[in-house]
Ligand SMILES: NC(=O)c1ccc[n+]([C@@H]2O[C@H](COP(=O)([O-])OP(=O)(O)OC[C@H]3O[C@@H](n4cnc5c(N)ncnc54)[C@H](O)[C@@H]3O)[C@@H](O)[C@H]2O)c1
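So this first bit is one chain, no partners, the form predicted on its own, shown in structure tokens.
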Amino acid sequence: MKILITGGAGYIGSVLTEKLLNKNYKVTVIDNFMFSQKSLNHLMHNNNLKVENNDIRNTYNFKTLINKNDVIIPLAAYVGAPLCLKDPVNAHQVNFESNKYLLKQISNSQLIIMPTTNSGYGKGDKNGFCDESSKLNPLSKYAKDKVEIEKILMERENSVSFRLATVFGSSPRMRFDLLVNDFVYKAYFDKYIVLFESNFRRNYIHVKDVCNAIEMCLEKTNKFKGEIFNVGLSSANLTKLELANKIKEYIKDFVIIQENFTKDTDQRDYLVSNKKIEKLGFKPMFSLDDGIKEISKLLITFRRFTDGNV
């Protein structure tokens, strides 16, 4: 099976690329390496890996790659509300227009597994609850583009949408702007955090478990295609305060300050059900505790070599 991963050198992509190569899939990565990342260096020996240093907005090149593969996993994105707010034009082109182009070019025989986001829920019902049938209420530009592209995606049968929880864990292309990773970083280096609207809830998932869900979809496509799935840890529907207190269990001198003189720029607040994918046998391997210990261990190396400057 030939698989094309857009953004395959990114935070999720670099972990997924290695995993699929280890399963003997033939993987083509297209990435513009905008962060000068070296996240695929250790995989270049593998003859099943092809790498294209290009932008998915280069439609001629992108179309050629689409036509050569059986499965497309679009990970290239401007991720998160702050980055999309900072550069809305490029964010819209990559997150929406390029994926719209992909969906026009792909044939019915090709499978597309698209990780989207559960941030499209915005706020849950009166109890904060959300499942795949819940009304979508995207609040940020990032979430709105993801919701709109998912609508187009699900018009074709041979498609799967994974509404990802907030991802955490280490990766060859590391990110510290994600909530768990960010909180652990602040606990380790700053020793304190200021929380606004600390009762707002999120759901979380380890980056390796995201890749496990995608692998499961490849192996059991008939059970997944044509469907939307929340992908998160059911044991990790936590408020920001609960997350901070969980981190404090491991980093004892972490000071948590709650304030209410301003609002959180990200107004998402929901309790997500992951029962649909769990009924197909999906069982996350990594807990939130595992992720906190993993990131803490990673930060030890940063302190030694960079004094926290990452």
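Note that the structure is predicted; figures quoted are calculated from it, not measured. Just count from 1 along the sequence shown to find any residue number.
Although not depicted, the form predicted in complex with the ligand is the subject of the following passage.
K.L.:
If you check in the predicted bound form, is residue 63 within 4.5 Å of the ligand, heavy atoms only?
P.N.:
No, no contact at 4.5 Å.
K.L.:
Do residue 121 and the ligand come within 4.5 Å of each other in the predicted bound form, heavy atoms counted?
P.N.:
No.
K.L.:
Taking the ligand as it sits in the predicted bound form, is residue 206 in contact with it (heavy atom to heavy atom, 4.5 Å or less)?
P.N.:
The answer is no: residue 206 has no heavy atom within 4.5 Å of the ligand.
K.L.:
Though only this chain appears here, would residue 172 touch the ligand in the predicted bound form if you measure heavy atom gaps against 4.5 Å?
P.N.:
No, residue 172 sits far enough from the ligand in the predicted bound form that none of its heavy atoms falls within 4.5 Å.
K.L.:
Exactly one residue in 246, 57, 276, 50 has a non-hydrogen atom within 4.5 Å of the ligand in the predicted bound form; which is it?
P.N.:
Checked against the cut-off, the match is 57.
K.L.:
Find the only residue in 187, 236, 165, 130 having a heavy atom within 4.5 Å of the ligand in the predicted bound form.
P.N.:
Among 187, 236, 165, 130, a heavy atom within 4.5 Å of the ligand in the predicted bound form occurs only for 165.
K.L.:
Heavy atoms within 4.5 Å of the ligand in the predicted bound form: which stretch in 104 to 112, 151 to 159, 189 to 197, 138 to 146 meets that?
P.N.:
Answer to the contact question: 138 to 146.
K.L.:
Using the arrangement in the predicted bound form, list in sequence order the residues of 178 to 198 with any heavy atom within 4.5 angstroms of the ligand.
P.N.:
Only 178 sits within 4.5 Å of the partner.
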